[in-house]
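Quick setup: one chain, the form predicted on its own, written in structure tokens, and binding and motion questions come after.
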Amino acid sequence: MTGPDREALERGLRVMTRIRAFEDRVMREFAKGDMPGFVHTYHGSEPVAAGVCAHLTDADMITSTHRGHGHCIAKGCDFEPMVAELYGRETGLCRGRGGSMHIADFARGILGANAIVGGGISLAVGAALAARVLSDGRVAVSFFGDGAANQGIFHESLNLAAIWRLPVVFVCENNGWAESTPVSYSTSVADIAERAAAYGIDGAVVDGSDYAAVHEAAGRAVEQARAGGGPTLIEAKVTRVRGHYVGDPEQYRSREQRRAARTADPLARLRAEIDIGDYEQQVVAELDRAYESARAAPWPDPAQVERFARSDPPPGPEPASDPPATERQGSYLLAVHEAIASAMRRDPSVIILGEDIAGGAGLGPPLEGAMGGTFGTTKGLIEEFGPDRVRDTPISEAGFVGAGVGAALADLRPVIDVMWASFAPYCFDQIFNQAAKMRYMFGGQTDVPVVLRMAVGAGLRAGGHHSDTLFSIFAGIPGLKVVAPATPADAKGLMARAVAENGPVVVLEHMSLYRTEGPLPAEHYELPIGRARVVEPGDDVTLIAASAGVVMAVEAAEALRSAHGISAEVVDLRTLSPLDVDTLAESAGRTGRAVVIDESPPRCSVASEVAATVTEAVFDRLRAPVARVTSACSPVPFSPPLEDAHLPTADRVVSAVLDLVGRQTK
């Protein structure tokens, strides 16, 4: 590919001029003190954003960084909504929910600036995966700094993109400093682009102050990606003209270094070749209008502080609360399998990702006897839906969960098999900072229709790294919906609904339930998320539980009825977030007593939240404080006697009820 012609150079200089004028104005206005938050400017890197984005369409997708103004402008963002967002106004691109470090414009393929270092890299991989599955010709680009190249997600993402040959370009803007740490100290290689060879992809080092060089290298990489040739890692060497953030005292570099950086002006280099007349004055006038408009714009309504935190429900009426009547019996495992398979038949945008689910699908023909995941729930799906939609992943939780989230931003509906919930900390950033926050942080511009399914629960002598429930961890994250089915019928209906939802849903499947049998309708159906179910009616006490705790509650209710004449109502939460407050309040208010069963430890648990919720709702009708029966406040032990002592039991539930009604077993 030849270098840019004069017309392309003129276009590039115009984009660079827009970026420079914007950032100069941001620095001046921020210094006045009425622009909230933190601001990181793009001074000195203008040729990189302009040279890369010159080859992209609105349909192509980029992920950016906390220093993202330049990328957004190069991709076509208008000044007025950008400036309004910097001021936190309702007219901002993200309606004031994101600010400078989280600007997004999904109409132009900008999947968000990301304040997590390296946070956008796996999202771009997922966007490229969506482009590959949908065969729509889009390309994804991830911009990130040299500091992000030392994050684990960088390596996991490059590996995943390489083995799947995805249409993604990784652009490392190496300004020599990871905040205040020099790259010479933090990085083991002279050029970050050298790392491309480790993943079998192309790598290139370019002078990031030379627009023509960036334009040419990016053109080759984008063309290769669009043609199916796989990813490229471009390292653009740039100069940090300003500090890490506006107001940075820059004590980490000498006065001479700072002075030298100020003289390294890539715009002057291109202006020596190209004349664009009075374009800069036009841009300044445009910025004047943008600032005037932003300062006059309304603040967001404080009464709507929670708006956009959760996705809107799928279109159409809410499904019935109970599964269809059936005489058919089936297992919990079969229920999960049927729900996923049915969803994939009904919607070609549904894909599934995870370890060992398809015998190497996506890397070649599936292996005979593919496991179908650790528990066999995806067995047979590869034969029906093929390797594009059923994809084995490396043991790389952060990488493939992040890719799933990115794919959800780019028109797919991924179901991600995380295997055990105890492994979720590997990918907590991708769940907590990305999937859960994006709709809110970007002002409702996007939905994140992704399902994260994982096995939970102890009692199988698996030790502390395979036995956590983590109910409270997920239920406590705004933006997530969390379900914990107790029966095969509920597992199928709730999984089907989770896939249909427009936002992220965590499905927690208790391992002790996988082999259990029960009524299981054969047809496709959905159950509402956020609706509890009364399993057994009662008058004297309400037993509240989810997942395997429901089995325990039913056992305790029978013991109370037969041995003590106590009528216990059993309520299955089914959904941990949002809670069905109405059903809980009606039951506990009528019986006057409640016991909450939760396999998690007691501190800040779902049991504590339910107890507080019930107390607030029906305090005047309670005859005793709400009791909790939980696991011990320790990791799950391995030794059988210790694990048994750690877990809640039906006997402990019975004892708690007897305490509430003033009776004790003899």
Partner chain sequence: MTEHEVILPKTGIYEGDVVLVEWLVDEGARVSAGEPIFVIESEKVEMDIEADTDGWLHREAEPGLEAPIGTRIGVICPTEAEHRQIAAGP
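If you're wondering where the values come from, they're calculated on a predicted model, not measured in any experiment. Residue numbers count along the first chain shown, from 1.
FYI, the form predicted in complex with its partner chain isn't displayed, but the following is about it.
A.B. asks: For the three residues 329, 459 and 466, which mark the spot I'm curious about, does each lie within 4.5 Å of its partner chain in the predicted complex through at least one heavy atom?
C.D. replies: The answer is no; none of 329, 459 and 466 reaches its partner chain.
A.B. asks: Taking heavy atoms and a 4.5 Å cut-off, does residue 277 contact its partner chain in the predicted complex?
C.D. replies: Residue 277 lies outside the contact set for its partner chain.
A.B. asks: Please determine whether residue 617 contacts its partner chain in the predicted complex, using a 4.5 Å cut-off between heavy atoms.
C.D. replies: Judged by the heavy-atom cut-off of 4.5 Å, residue 617 is well away from its partner chain in the predicted complex.
A.B. asks: Given that the partner is absent here, does residue 195 sit within 4.5 Å of its partner chain in the predicted complex, heavy atoms only?
C.D. replies: No, no contact at 4.5 Å.
A.B. asks: Should residue 35 be counted as a contact of its partner chain in the predicted complex, where contact means heavy atoms within 4.5 Å?
C.D. replies: Residue 35 belongs to the contact set for its partner chain.
A.B. asks: Please pick, from 633, 31, 59, 604, the one residue with any non-hydrogen atom lying within 4.5 angstroms of its partner chain in the predicted complex.
C.D. replies: Residue within 4.5 Å of the partner: 31.
A.B. asks: Of these, 257, 135, 251, 562, which has a heavy atom no more than 4.5 Å from its partner chain in the predicted complex?
C.D. replies: Checking each option against its partner chain in the predicted complex, the one that comes within 4.5 Å is 251.
A.B. asks: Just one stretch in 311 to 319, 237 to 245, 422 to 430, 445 to 453 has heavy atoms within 4.5 Å of its partner chain in the predicted complex, so which one is it?
C.D. replies: Answer to the contact question: 237 to 245.
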